[in-house]
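Below sits a lone chain in structure tokens, taken as the form predicted alone.
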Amino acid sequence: MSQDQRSALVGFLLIVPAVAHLAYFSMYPVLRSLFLSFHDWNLSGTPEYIGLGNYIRLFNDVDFGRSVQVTLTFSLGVSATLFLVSLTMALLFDRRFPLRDFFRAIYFVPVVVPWVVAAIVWNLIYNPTYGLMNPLTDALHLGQVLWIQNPRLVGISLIIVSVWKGFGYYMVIFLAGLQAIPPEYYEAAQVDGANRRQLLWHITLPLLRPSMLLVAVSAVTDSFQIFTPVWLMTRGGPAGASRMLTIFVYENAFVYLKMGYATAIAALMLVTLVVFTRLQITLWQTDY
């Protein structure tokens, strides 16, 4: 065996544990879920094959349609707001000013706070009796506001929590993209008389497109799969106004024991995310 062959064999043996871990803990659950989506199974006994029965039922399920609407509205609100807020903050923190690094760290703190802790804290903030939002609503003469108890406000309330929790992470991604732009481009443009707005529109934003794609895809994917804060804060209520698809999957799988139906929903979520990702790649016209 030659030296090159031995090196290739050693490299293969080194990646085997990682590949095995990925296959068993990532690929197998996905394939198993797809298999179960064509069966009727209540977590006991042998799954009963029913073909496309679960998928046909989905399109006749009013609760599923409502859950899709809630999820799409929430995902659009979170991802668009996260994109704009994180980009704005990254542009601000890319400039030099006193205590810049300190404020960067402060704004990143919510990212490392566990979702369980964040949900508990925001439940207290939104409490209509002693919550920290009450002084603000009193100052605006709005009276007692039921932030997560009102079907019309619960969506906005959860969007605020999600943006607060995640914008620091996406801000760092944008900052990395900004710092990767060669300063020579700005210097050349300034020599030609470009102002700040022209530098932003013709140099910064075009060269940030790879970072924009990453943020857009990640924000949509994360918001589409959100579960913990919604479950802890609203349990999908009130009146189903915050019943995301993840909540709908959980209820069908572990409350109603309709595992086949739940996996069919999960499969459609996977296909939807793949389609959204492909559309975003096309929209940003990147080479990925």
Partner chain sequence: MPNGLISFWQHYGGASRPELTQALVNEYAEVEPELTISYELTPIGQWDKKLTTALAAGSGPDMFTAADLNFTLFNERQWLAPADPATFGVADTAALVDLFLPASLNGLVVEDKLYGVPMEYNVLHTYYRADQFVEVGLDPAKPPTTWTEMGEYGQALTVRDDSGRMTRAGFQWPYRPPMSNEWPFRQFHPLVYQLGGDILNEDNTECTLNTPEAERAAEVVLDFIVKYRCSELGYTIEDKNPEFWQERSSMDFEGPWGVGLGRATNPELFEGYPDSWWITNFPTYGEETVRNMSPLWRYAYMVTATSPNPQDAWGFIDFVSRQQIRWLTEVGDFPARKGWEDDPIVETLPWLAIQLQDYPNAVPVPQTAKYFEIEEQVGQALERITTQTSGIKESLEEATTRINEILAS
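Numbering follows the first chain given and starts at 1. Note that this is a predicted model, so its numbers are computed, not measured.
Absent from the display: the form predicted together with its partner chain. The rest refers to it.
**Student:** Considering its partner chain in the predicted complex, find the one stretch among 46-54, 248-256, 218-226, 26-34 with heavy atoms no farther than 4.5 Å from it.
**Tutor:** Contact criterion met by 248-256 only.
**Student:** With its partner chain left out of view, which of 81, 204, 211, 127 would have a heavy atom within 4.5 Å of it in the predicted complex?
**Tutor:** Answer to the contact question: 127.
**Student:** Does residue 233 reach its partner chain in the predicted complex, with heavy atoms at most 4.5 Å apart?
**Tutor:** Result yes; residue 233 sits at the interface with its partner chain in the predicted complex.
**Student:** Is residue 240 a contact residue for its partner chain in the predicted complex, using a 4.5 Å heavy atom cut-off?
**Tutor:** Yes, contact at 4.5 Å.
**Student:** Answer for residue 94 alone: is it within 4.5 Å of its partner chain in the predicted complex, judged on heavy atom distances?
**Tutor:** Although its partner chain is absent here, residue 94 would stay clear of it in the predicted complex, with no heavy atoms inside 4.5 Å.
**Student:** Would you check, heavy atoms only and a 4.5 Å threshold, whether residue 183 touches its partner chain in the predicted complex?
**Tutor:** Heavy-atom contact with its partner chain at 4.5 Å: absent for residue 183.
**Student:** When its partner chain is placed as it is in the predicted complex, are 134, 138 and 144 each within 4.5 Å of it, taking any non-hydrogen atom of the residue?
**Tutor:** Yes, the whole candidate spot contacts its partner chain.
**Student:** Across 39-68, which residues bring a heavy atom to within 4.5 Å of its partner chain in the predicted complex?
**Tutor:** Read in sequence order, the residues that approach its partner chain (within 4.5 Å, in the predicted complex) are 42, 43, 44, 61, 62, 63, 66.
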